[in-house]
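Only one chain comes next, encoded as structure tokens, the form predicted alone.
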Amino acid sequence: MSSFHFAILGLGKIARKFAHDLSLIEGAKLVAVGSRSQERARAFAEDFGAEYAAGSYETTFDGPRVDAVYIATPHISHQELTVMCLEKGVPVLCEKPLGLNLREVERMVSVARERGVYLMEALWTRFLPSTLKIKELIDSGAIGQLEGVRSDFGFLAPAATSGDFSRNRILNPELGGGALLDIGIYPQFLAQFLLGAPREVHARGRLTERGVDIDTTVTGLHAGGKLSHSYSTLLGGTKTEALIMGSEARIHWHPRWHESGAFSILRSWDSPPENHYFDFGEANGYRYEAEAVMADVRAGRTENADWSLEDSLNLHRTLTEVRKQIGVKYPGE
């Protein structure tokens, strides 16, 4: 089978990790990169062996054939660039969050479906071997009846306490900053993935003077009265672990759970844990979502069965409601 050609738009830290993982996938090839800076695009292309470097996002597709594009720009540009690529007929893997709000995501999904072009939100945790194994164990009844989920994600963004927001993207409302969309999306994903989309959410948050959330807690009410408890913060590092409660056992997803290859099944307080470990090798973990895109596009599918467009719509319905409750509103909304 011929090589699968990827392009990347937005050449920051995550794009470098994704590009590294592409080099580990048989049949995958990075052929084009796009940036607002020609110099930066050229340097990135040299680092990862891409043959075409564009000094604008629009001209990235003027070079070699592109089978799919990975969009890794700041949140605020996801809708615009995704729609541009879809209208060119280019399959899209867009970094999370897919859009700033439900309205943007609805438009992106609508364009993808109307044009019959592949689109997937890059929630890479969904495709990790550890995630697949946990889902298999739960579905097999290994922990009994699933009862609830608790997860967190936090790190220290120094400006969150110093008040200097000038150089920090995650605290800039003009770029869609805040804890919820950047890291809080992972706990919300996990709750929905395991318990289904919540019927109700109850959220509280602490905001900066510029209206960006830096400390957010969400309780979700799911089918059967089951609860999810999610926490995200920029005020300090948390354990970043997950606890999945079952009627007969619990699963402890080790820190940092969203990228971890390790978890334990805990059956009682005095019994040893049943440990599971997955070695990603040299990969950062992004290779698994890239491989999913390759398989889907080659098979002629327009969305992924494991993380579908309906899944993204449900997730962003929740995230938008949480932002409404805590009072986060971005410029232009």
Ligand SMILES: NC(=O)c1ccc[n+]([C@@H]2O[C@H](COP(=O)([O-])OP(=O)(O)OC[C@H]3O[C@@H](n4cnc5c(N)ncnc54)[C@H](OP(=O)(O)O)[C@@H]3O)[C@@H](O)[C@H]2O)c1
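Just count from 1 along the sequence shown to find any residue number. Values in this document were obtained by computation on a predicted structure and should not be read as measured data.
If you look for the form predicted in complex with this ligand, you will not find it shown, but the lines that follow are about it.
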| query | Could you tell me if Thr60 has a non-hydrogen atom within 4.5 Å of this ligand in the predicted bound form? | reply | no
| Heavy atom of Arg40 within 4.5 Å of this ligand in the predicted bound form | yes
| request: Could you confirm whether Arg169 comes within 4.5 Å of this ligand in the predicted bound form, counting heavy atoms only? | output: yes
| task | State yes or no: in the predicted bound form, is some non-hydrogen atom of Arg126 no more than 4.5 angstroms from a non-hydrogen atom of this ligand? | result | no
| Ok, Glu241, Glu104, Glu95, Asp215: which has a heavy atom sitting within 4.5 Å of this ligand in the predicted bound form? | Glu95
| From the list Arg250, His222, His254, His75, which entry has a heavy atom within 4.5 Å of this ligand in the predicted bound form? | His75
| field | Per-stretch contact check against this ligand in the predicted bound form, the hit in 291-299, 61-69, 29-37, 267-275 (non-hydrogen atom, 4.5 angstroms) | value | 29-37
